[in-house]
Structure formats: structure tokens, C-alpha cells
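A lone chain, given as C-alpha cells: the form predicted on its own.
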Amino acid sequence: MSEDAKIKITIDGISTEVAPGTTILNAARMIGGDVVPPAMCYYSSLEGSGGKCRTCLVEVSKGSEKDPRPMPKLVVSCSTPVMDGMEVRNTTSARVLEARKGVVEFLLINHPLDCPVCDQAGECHLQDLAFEHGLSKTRYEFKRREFDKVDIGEYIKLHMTRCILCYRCVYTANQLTNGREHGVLKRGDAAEIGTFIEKNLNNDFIGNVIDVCPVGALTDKSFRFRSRVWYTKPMDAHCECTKCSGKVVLWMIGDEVARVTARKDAYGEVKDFICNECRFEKKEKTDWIVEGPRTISKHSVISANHYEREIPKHTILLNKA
């Protein structure tokens, strides 16, 4: 097959053509909508990510045109390449939905129910999964894992109790910074994210581990307990930075900058990582060129209180008269 050739894949009855080597998950993202499986560990810009959380499981009902037999087991869509003529079922598969419930229940076994006090509340992917696929109560009867909160840098606090071991922060530090000082310690059910020396994460780009964390395990110490995201107004802004792109989102409370984050796409992924100076040190509105309000999905809780009042038609007619 030539490099220019396209592969046809059908997901939940919707067909598209993609380049050879594309994964099922990325093919689904090209289609968009409900056919896209959730992903807690996969991050398109991080090499080696994926295959940890199992939330993106799908059913391959037809392997390919050459071999139309279905795959006997569910497969992880983030690391399974497409084949020509492949047919995949995501939301239309009872097996997938039942398996996803089990995966979410497993992720929540040790995760504390502290959403009311968690800084990630309102933009947490695990919250979304629990709402869509979680059980009304836990069946787990054993003692949960508990960890003390740890400062692992000047700006970052680690809540290991919330961590789901997605490895995103490890890959980010390994591939984006000059040196990685933290990683996964121990093995099995004793595994945890940590450093050998506390307050050791001081690289110029280490603040990005906060953005890639899908839960509230890594939090911004300058924003902790300050406000909920739905009480802030996200604004796109940029500045002339010699270290990074300078393209950020300012989370405003009135005219005050509550926090600064990198810009994320529809799947919660950062494309242009930012430096610590932009993230933590430029907290004045005058430090930035504000582009305007950020477009937020109407299905997101962040969109609460961010709306434009529609002018009634009779008012417009009266004004014209």
C-alpha cells in the first residue's frame, strides 16, 4: 500500500478514510462526536502514552476486508492501528459499555470522594467518566490507599491519593524538560508517583505536569482553594516569551488573574506547552495581550455563567420603529 493510500474504517456505522498507521482512537477523533472513546492516559503529543487506563476499550466486529473475522476480545483503541475495511463498535456495543463500567469502578477503588474540595472539580475527566459510566455506590469493602499531601516543587503539590497512575506527568517531564526527577516508585498496588527528594521539581517547563494530569493529583499551589473554574472567566491571551509560545488561557476573577494555563483542545490536550514564567510569575493582566473570551463547550460546567443574553425580537422591532 502506497503512502498516499487511505484506509477505510467504520466506527458505530460512520465511515471515514485515514492514513495507514492511524490508531482507532485517532480515527474516531477525526469523525468526532459520541463515537470517540474516552481516554485518561493517552496523550497524542507524548510518545509512549496510552495503554494504561483501559477506558478506551472498543469492540472490533470486523477485522478487515482480507480477514473479516471479529477480534475475540475488546481492544484498546489508543494503541490499536486500523486496517482497511475494519468495523468498530463503541457506544453501540453492550460489551464495551459494560467493560467501561468495570474500568471506571476500578479507577475509583482508591480515589477519594473529595470533589467538593478538589481544585480539579469541573474540569476533571474522571468526574465525567463517573457520571456517564459509574455506579451509584461502591462495592469495595477494603481499606483504601492513603497518602500524605507532598510538595514536590516550588509550585506543585502532589495528592497521590487521587492519582490513577496514568503516567502522563512522567512522560511530560521526561520528554519536555531537561531532566526528569520524578517517576513511578514501587510496583503493583504499592506503586506511586514520587521523587527521591521533596521539592525537587524545579525545571522551567515542569508546570506542564499540572495541565496533563486528568485528575486532581497535581495541583497549582498558587491557585489552591482559591476559586471554582465556573466562577472564573477564561480568556485567550498571549505575550512575547523567549522560552515558549506564550499562548495561554487567563482564568479571570473580575480584572484579576487567578491562574494561567496552557490552551487545551477539545480532548483536553495541550498542543503548545508553556514555561513556568508564563504560568506562575505573570499574574497581572498588564503582562498579557488579551485576545478575548475563550470558547467553552456548552456541555462543560465551565460554561456556567458565561453566556450572551439574547435580545428579544420584539425589542429589536421597537428600536427600529
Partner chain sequence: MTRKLLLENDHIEGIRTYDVYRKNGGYRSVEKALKTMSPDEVVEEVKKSGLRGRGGAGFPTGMKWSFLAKPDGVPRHLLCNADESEPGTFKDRYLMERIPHLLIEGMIVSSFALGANQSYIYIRGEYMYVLQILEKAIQEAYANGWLGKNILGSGYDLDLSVAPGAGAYICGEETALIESLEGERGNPRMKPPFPAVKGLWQRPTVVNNVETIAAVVPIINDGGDEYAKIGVGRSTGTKLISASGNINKPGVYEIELGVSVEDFLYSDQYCGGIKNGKKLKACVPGGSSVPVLPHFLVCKTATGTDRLMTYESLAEGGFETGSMLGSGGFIVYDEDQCMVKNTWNFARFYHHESCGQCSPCREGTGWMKKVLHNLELGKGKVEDIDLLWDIQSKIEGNTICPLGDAAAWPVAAAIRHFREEFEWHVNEPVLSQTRNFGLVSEKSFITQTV
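Owing to the predicted nature of the structure, the values given are computational and were not obtained by experimental measurement. Positions refer to the first chain, counted from 1.
What follows is about the form predicted together with its partner chain, which we do not show.
A.B. asks: Under a 4.5 angstroms heavy atom criterion, identify the one residue in 224, 149, 73, 243 near its partner chain in the predicted complex.
C.D. replies: By the 4.5 Å criterion, the partner-contacting residue is 73.
A.B. asks: Identify which of 110, 219, 90, 127 has a heavy atom within 4.5 Å of its partner chain in the predicted complex; exactly one of them does.
C.D. replies: Comparing distances to its partner chain in the predicted complex, the residue within 4.5 Å is 110.
A.B. asks: Is every one of 53, 98 and 105 in contact with its partner chain in the predicted complex, taking contact as a heavy atom within 4.5 Å?
C.D. replies: Heavy-atom distance to its partner chain in the predicted complex: all three under 4.5 Å.
A.B. asks: Check residue 86 for me: does it contact its partner chain in the predicted complex (non-hydrogen atoms, 4.5 angstroms)?
C.D. replies: Looking in the predicted complex, residue contacts with its partner chain do not include residue 86, since no heavy atom lies within 4.5 Å.
A.B. asks: Is residue 189 one of the residues lying within 4.5 Å of its partner chain in the predicted complex, judged by heavy atom distances?
C.D. replies: Contact check for residue 189: yes, within 4.5 Å of its partner chain in the predicted complex.
A.B. asks: Is residue 155 part of the interface with its partner chain in the predicted complex - any heavy atom within 4.5 Å?
C.D. replies: Residue 155: no, not in contact with its partner chain in the predicted complex.
A.B. asks: Is there a heavy atom of residue 185 no more than 4.5 Å from a heavy atom of its partner chain in the predicted complex?
C.D. replies: Yes, contact at 4.5 Å.
A.B. asks: From the candidate stretches 132-140, 119-127, 203-211, 243-251, select the single one in contact with its partner chain in the predicted complex, where contact means a heavy atom within 4.5 Å.
C.D. replies: In short, 132-140.
A.B. asks: Determine the residues of 148-185 with a heavy atom within 4.5 Å of its partner chain in the predicted complex and present them in sequence order; the list may be empty.
C.D. replies: The stretch touches the partner through 164, 165, 167, 184, 185.
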